[in-house]
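Shown below, as structure tokens, is a lone chain in the form predicted on its own; questions about how it binds or moves come after it.
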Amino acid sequence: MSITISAVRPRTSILDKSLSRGRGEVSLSCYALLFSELVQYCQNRVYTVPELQNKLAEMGQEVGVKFIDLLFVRERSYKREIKILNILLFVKSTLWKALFGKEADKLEHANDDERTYYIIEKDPIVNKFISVPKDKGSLNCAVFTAGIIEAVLNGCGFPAKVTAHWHKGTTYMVKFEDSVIARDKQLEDR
């Protein structure tokens, strides 16, 4: 009589695997095609440029909500940020690297408004392969990324409104609610 002992490993799904394992890169041409199809999909369902930008921002928010899960749930090394500057640095570096493979170019604080911050990207990848027709000259497809940023900030407990503007490339204007500023001041007083 022989007894065989085998080590049975529990099966893990692809959702349980860490993002840091393997290369999470997508070819640029594949991304460009997918994003241009997304823009065309949204464009066929709206009539004006502001409606198109709102639709792209909504799609970006859906991506942002799911990205919070990817970054915080699956990567257990991240901690919850409680200060405005720390969450903005997280967005500028960690989130941007996960999305675009590099950090955002700049993070600035508005001189005249304590609630407003700017994330500056000189050449955003979402605008690189989009040809804007003359009748839609004010279109900035970076509102998709603004929607992602807004969803991440809101999901992390920093309610804000994020908009994309043509300035120094593309500037994402992050305007926090008053309650976030008040909470941050309380934390500084401790």
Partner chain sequence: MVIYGVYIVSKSGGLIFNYECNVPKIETEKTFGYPLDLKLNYENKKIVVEFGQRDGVMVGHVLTAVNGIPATGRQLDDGRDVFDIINERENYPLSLKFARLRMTTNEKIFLASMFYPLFAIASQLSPEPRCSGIEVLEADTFKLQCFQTLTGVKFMVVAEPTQAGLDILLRRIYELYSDFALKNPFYSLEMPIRCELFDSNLQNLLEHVEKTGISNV
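Please read all numbers here as calculations on a predicted model, not as lab measurements. Residue numbers count along the first chain shown, from 1.
Keep in mind that the form predicted in complex with the partner chain is not shown, yet the notes after this line are about it.
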Tell me whether Ser36, Ser131 and Lys136, taken together, all sit within 4.5 Å of the partner chain in the model of the complex, counting heavy atoms only.
yes
Is there a heavy atom of Ala32 no more than 4.5 Å from a heavy atom of the partner chain in the model of the complex?
yes
Asn154: heavy atom within 4.5 Å of the partner chain in the model of the complex?
no
Looking in the model of the complex, any heavy atom of Gln43 within 4.5 Å of the partner chain?
yes
